[in-house]
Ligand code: ADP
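One chain comes next, on its own, written out as structure tokens in the form predicted alone.
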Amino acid sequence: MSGDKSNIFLSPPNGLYWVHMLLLDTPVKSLSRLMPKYVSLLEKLGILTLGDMLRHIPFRYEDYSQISTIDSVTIGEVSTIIGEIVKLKTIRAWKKKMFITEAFLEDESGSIRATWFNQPFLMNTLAEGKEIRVSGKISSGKSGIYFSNPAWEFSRREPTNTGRLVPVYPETDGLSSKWLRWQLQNIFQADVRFDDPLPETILQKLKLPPLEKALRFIHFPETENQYLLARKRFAFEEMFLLQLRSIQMKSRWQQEHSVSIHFDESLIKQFTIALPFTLTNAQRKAAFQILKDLEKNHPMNRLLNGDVGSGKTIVAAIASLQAAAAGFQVAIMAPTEVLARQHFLTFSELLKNHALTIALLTNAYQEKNEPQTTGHKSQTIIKETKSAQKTNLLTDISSGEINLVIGTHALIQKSVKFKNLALIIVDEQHRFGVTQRAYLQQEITSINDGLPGKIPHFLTMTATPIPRTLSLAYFGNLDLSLLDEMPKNRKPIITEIISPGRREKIYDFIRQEIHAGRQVFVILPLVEESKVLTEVKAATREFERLSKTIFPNLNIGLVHGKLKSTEKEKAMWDFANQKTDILVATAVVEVGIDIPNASVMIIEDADRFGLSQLHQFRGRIGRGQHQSYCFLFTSASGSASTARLKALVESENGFKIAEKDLELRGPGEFFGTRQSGLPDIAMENLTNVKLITLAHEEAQQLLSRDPRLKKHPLLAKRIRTLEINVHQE
């Protein structure tokens, strides 16, 4: 066992691994002699079954494959040698408070020392006269060259931790890559049935290895080409499953029924003519696509993907007006209370000339705007503490008195019942968690919409421009409308990278802008100091510094995610009504606040944000008639950070910036790996257009022959597992 005392996973007393054949869905807790503590540790890594363990993919490999003679090793390089232990000892270094175990090794060419720290148990395993294989980095000290903490095993054993390409896995405290390697090697020696979900015809067509061979290649490759081929197979498999699920969802959605809402061209023309601005061609096209979708008797399922400031809200208002004017209810869902209230105020203003009742419903508060005979609206505010009045609002929704209700996730609670809900709009949906998209859509199909046998039309919106590859991979079940055109006469935002030496000049500029009547955002990356990001300015600390030292004569507000809803709302309300000159904020203002008078934004530690997020921040300014400025403060001296930020300086095209962001940071950082719903190996390949296209084509062909996957039960089972994981996210 080469000194690893934890290798008790697969070794029954009789020396056999298992009496019966194992299946990939065999729970790890039922495997032979696996102690409960290891079951718990495996669960931390998401490993519940034998299949999960086999699909726990290495993230890199140590190349210990070349065996060297002792006289040929070089200081600073990684080497593998085979030598006999001629001397073995353990000493206690009192000053360093550690045990040091030393083995002196010899081969035909010479001798070398191997040193291990705080592993005194090695004296019970190693012995003089034994031949071992050692892999590690060659160091140099007063007593000559030596191996420092090398991997080792007896030379008679099949190479597992030395003498080969050695896999390194995602670990958790108490569960090492070495332990995982031993268990996986034993699994491959056992009687396991490797049921392959991928059809053999696809494997042959694409020249991909079957499951068992791919797993052997990924865990114990003999060459680099083997693990690269295996990774290609698993990346294709995960993307193929995602495409199958996406196409099936789209097919099921199209089989559902919804109300057909007639496109009243006269009404929409009257509405757009009355607007104080002219719609862009992109807005016109998107609105037309949505209005035509609403006429169909199966539900719309469309994604409105628009750049910051491209005017998604007005397109949503057109769709809402059409549905409400036809006598149906509309629900608009936002991820935060701040954004929900922003929409409530915006829609109330946009639709003020139409006889519609609009309500706001969140967990914090409820409000209602009612049309009056005078053509004006009165606003009723219903506080959460007045449960009777809250009940009245729910009653108004269920009776159909409310035409348009805007809120958070509270909208799909069981207590909310509609009379005839025909359209649901979800804004900034990726903020609910990318993996929750399908779940949210399913929840909406079962919402109490008051229309038996029908489900609402479904429109999702995002202000994060989605690169083509991510759109194909993630949103294949949605029809896509792009707002890639900005409103005319909108002044470009001047963006500059500011070094520490120019900070005072920018502060002077801010004083001038505020004196001229403008307002300023200051964006901070974090709410509190953390051990990891010790140099990042906390929002509260920066607020104190600016208030007392830099701008003592100005009114400064503070908003961050840890404030209560009422406190956050007041801070934003004060800023919107020009009671404060500067708003210090965290990422909470990325969406949901529209202040046309704000013309300056400072982003502290800009290098710590992704380009797409910086672009979202920047979109909070430049919404009025005044020239706007975005200053990227950075203390990073690296040319890579500066080069990355230059992409923001040089472009205001969110789609181009998103492509650059994806290229530089990878999809895991772009969307957040935790939110992706995909294994890392699939995430790494989300920029591979060819792979995604191939997976999509193969999925379409297979489903055309077997729509319900009756002939492919293993694929159907994997997709069900994928959906369960989404629901648990």
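Throughout, we count residues from 1 along the sequence that is shown. Note that the structure is predicted; figures quoted are calculated from it, not measured.
Below, we turn to the form predicted together with the named molecule, even though it does not appear here.
Screening 487, 327, 561, 199 for any heavy atom within 4.5 Å of the named molecule in the predicted bound form leaves a single hit, 487.
Proximity to the named molecule in the predicted bound form, taken as a non-hydrogen atom within 4.5 angstroms, holds for one residue of 423, 308, 466, 630, which is 308. In the predicted bound form, residue 175 stays away from the named molecule, with no heavy atom inside 4.5 Å. Interface membership of residue 260, defined by any non-hydrogen atom within 4.5 Å of the named molecule in the predicted bound form, is ruled out. Among heavy atoms of residue 623, some come within 4.5 Å of the named molecule in the predicted bound form. In the predicted bound form, the named molecule lies within 4.5 Å of some heavy atom of residue 280.
With the partner left out here, the named molecule still marks one of 351-359, 310-318, 286-294, 126-134 in the predicted bound form; by a 4.5 Å heavy atom cut-off that stretch is 310-318.
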